[in-house]
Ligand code: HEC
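Next up: a single chain in structure tokens, the form predicted on its own.
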């Protein structure tokens, strides 16, 4: 009897081993591994050819891979230094302006580009939350944290070749404060490219990057031009003859003080020499400028238009038209959505702007404070000019309605320009429209939400019961 039992166990082990051997080579983890660059699906793309390639329609289907062309080993070294142009770090300004600096470092501007770490990268690296499953069953992206950095790991299986093609792309720069999401950049020698996987705050998840990133494909070849970093960094030296070639050692991350106050080296030198002086010298205070010039400082990035001059050459207080050809036409198709590139155009269509001398961005926004999500605070700005008792909803719903002015008159909308392709369809980012106006659909949605939290049938919660909005 014992002999039969031992024989049965031995046979079971043998069968299990054969099954593991047979099916193991055919599982999702193929025994044969190879670099992603050796996959027959790879297309090598030059930076100057990427845009035409992805918009031409020649790439069809799912399983294609775009990687940048190989570059020579020489690194670009900029002959222009940041300090020579007056571009200083926020820490330098913080020597004297400690209070503003302590709050500024938490703002979206300060965090719009950062070096990667566990705090700056908002997406999760925890098991079970660090993988993007695509509509292509043979392709997965996995986000990994290691001792030497953070990586996006591509795993592309080829059933015909029984091979898994792999490559790890290192997170080298975080782009975006996380208000709406983040994208990530990687260095290929001295060339800067966008990574295929981004992070969407609304869903708290890894997603395909916005724009021409098709779900089920791989694209690590999108070049990052100097204009991108012009709105996401304080300074970096770049090769003006190339699309995406930089001196990475010169990077000053974040959009910091000098981008709004102008060149700071003479200002710092003067006040270090005269530390007792209380009046600012050789620096721009935006509040002293006309509303047009104030808004043009913000319009460097929060407007639509075609650059005329090189990146990092605009100086606050100067006419922006000498550097950027703004597109502020009310019939412009690009102004039909709330993307940040159109915020000034949308604001200028508002009666709050046209009915008076204009409305400056800093009338509502304090660039030294993190005001993210402070809807009640922004709504109070509305009441600095508009009496809340003229609003029937404020009379009916009380204080809760007074805290929702922005939601009614500057609603959030889905932005077609920030579209993300997923295995379940297209997703658009939710952004704030800066055209202040009467939006009946948005107001009705806010009323429904107010009814849930402040029922008009409760006299204690609603002293103005019975008043018709």
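Residue numbers count along the first chain shown, from 1. Model, not experiment: these values are computed from the prediction.
FYI, the form predicted together with this ligand isn't displayed, but the following is about it.
Student: Decide if the three candidate residues 351, 359 and 446 all line this ligand in the predicted bound form, where lining means a heavy atom within 4.5 Å.
Tutor: Looking in the predicted bound form, the three residues 351, 359 and 446 all sit within 4.5 Å of this ligand (heavy atoms).
Student: Which residue, 248, 142, 381, 189, has a heavy atom that falls within 4.5 Å of this ligand in the predicted bound form?
Tutor: The residue in contact is 381.
Student: If you check 121, 93, 197, 320 against this ligand in the predicted bound form, which one has a heavy atom within 4.5 Å?
Tutor: Of the listed residues, the single hit is 93.
Student: Tell me the stretch among 149 to 157, 271 to 279, 238 to 246, 126 to 134 that has any heavy atom within 4.5 angstroms of this ligand in the predicted bound form.
Tutor: Correct option: 271 to 279.
Student: Using heavy atoms and a 4.5 Å limit, would one call residue 215 a contact residue for this ligand in the predicted bound form?
Tutor: So residue 215 does not count as contacting this ligand.
Student: Residue 104: heavy atom within 4.5 Å of this ligand in the predicted bound form?
Tutor: Taking the distances in the predicted bound form, the answer for residue 104 is yes, it comes within 4.5 Å of this ligand.
Student: Answer yes if any heavy atom of residue 72 is within 4.5 Å of a heavy atom of this ligand in the predicted bound form; otherwise answer no.
Tutor: Although this ligand is absent here, residue 72 would stay clear of it in the predicted bound form, with no heavy atoms inside 4.5 Å.
Student: Please run the contact check for residue 231 against this ligand in the predicted bound form: heavy atoms, 4.5 angstroms, yes or no?
Tutor: Residue 231 belongs to the contact set for this ligand.
Student: Counting only heavy atoms, which residues in 382 to 411 are within 4.5 Å of this ligand in the predicted bound form?
Tutor: In sequence order, 382, 383, 385, 386, 388, 390, 391, 392, 393, 394, 401, 402, 404, 405, 406, 408, 409, 410 come within 4.5 Å of the partner.
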